[in-house]
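The data below hold one chain only, encoded as structure tokens and taken in the form predicted on its own.
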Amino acid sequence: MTVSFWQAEGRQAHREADVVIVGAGLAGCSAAWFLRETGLRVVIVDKADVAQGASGRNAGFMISGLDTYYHRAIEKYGAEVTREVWKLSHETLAFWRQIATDSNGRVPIEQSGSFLLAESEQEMQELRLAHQAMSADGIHVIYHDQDPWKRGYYAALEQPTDGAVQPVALVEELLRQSGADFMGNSEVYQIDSRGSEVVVHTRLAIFHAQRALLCTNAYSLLLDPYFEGKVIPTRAQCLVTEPLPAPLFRGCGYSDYGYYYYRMTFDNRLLLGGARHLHRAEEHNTTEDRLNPNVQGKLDDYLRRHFADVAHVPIARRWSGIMGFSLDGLPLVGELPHKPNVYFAVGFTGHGLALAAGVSQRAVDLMLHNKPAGAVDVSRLKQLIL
């Protein structure tokens, strides 16, 4: 992020803090929650407001795992890493449910399950293999050899413990429960590491802290060149209809290898997102938050193909959000090598609701106790980059 000389010419107030968290989304507010009982003075700063990035623009899917089928994850990352990351996602979903339970109804949430749906016979075979691999590792999933929704899919893999949430309400509740101070609409434009002190320059204040934690995901490169090639900003598109008379299905749907996704909202609207793979050059490596009419047109086509019975219902809103895709598809936790005491938890690859809490907790443990971050430790990328 950049701030002009005129917007911040050294007249900002200087403030003291123990930890400054940059980014008021799922990751940043989860990190603040995990710091709440340490006695440390925690401040969250954001260029906008709470949950104004991808954390508040997603579909609200609590789908466990990664953006690849389980057996393919084993091929890519190995069995040990795959089991570790899936366990981390299950812990994250359990954490969200506890936050919602403690919210006294402020966070709408449901454990309605998720359905990974096959758009082709080839994907149906992938679901069978995923079911076999997950069952072998003791993960409870249900394979349907036909479409449980009767909407033209070939098969489905049901994950009963998954669910859906109102993501903005969840982040707001995380911040409330954390007790952290929050400063919004205050872009960070410079971070200096001076021995044991970290100085975080924002438009409204300059913070002197012991440590900083960057939870900036897709926007990380705008803060530090270290993230070049490690976190790639990628745009996603969604639409939502006006309320429907009755739900069309139960649970969250995820098909075409995750390139389409859909759910019923809590006020009974159909939410549909995806299709970025059909216009990859336009949606890849961009932080521009705008509607792409080409992608939105593909969403309209999908709506007519699988949900023709409600295709006549007016679209209430269309929007986009910027995700942060890591180089290898796993989140990144570490410390900036050229800025001691500046840590990060970024690169959620479209699965922040699956992993943000668990990953943020590992970032906090690394920051406070030098505890290794395991499968999400950024050091693994050395083998890919060299």
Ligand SMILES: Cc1cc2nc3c(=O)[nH]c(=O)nc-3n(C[C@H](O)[C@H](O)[C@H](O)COP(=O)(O)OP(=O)(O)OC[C@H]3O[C@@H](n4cnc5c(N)ncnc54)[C@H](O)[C@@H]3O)c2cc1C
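What you are looking at is a predicted structure, and each value in this text was computed from that prediction instead of being measured. Sequential numbering from 1, following the sequence displayed.
Just so you know, the form predicted in complex with this ligand exists too; it's not on screen, but the next bit is about it.
Between the options Gln159, Ser255, Ser186, Asn292, the residue in contact with this ligand in the predicted complex by a heavy atom within 4.5 angstroms is Ser186. Only one of the listed residues (Val19, Val22, Ala363, Val376) places a non-hydrogen atom within 4.5 angstroms of this ligand in the predicted complex, and that residue is Val22. Using a 4.5 Å heavy atom cutoff, none of Tyr70, Lys76 and Leu330 lies near this ligand in the predicted complex. Partner proximity in the predicted complex, defined as non-hydrogen atoms within 4.5 angstroms of this ligand, places exactly one of 218-226, 148-156, 132-140, 280-288 at the interface: 218-226. Looking at Leu353, you'd find a heavy atom of it within 4.5 angstroms of this ligand in the predicted complex. Interface residue remark: Ala27 is counted as part of the site for this ligand in the predicted complex, having a heavy atom within 4.5 Å.
With a 4.5 Å cutoff on heavy atoms, Gly334 does not count as touching this ligand in the predicted complex; it lies far away. Interface membership of Val42, defined by any non-hydrogen atom within 4.5 Å of this ligand in the predicted complex, is ruled out.
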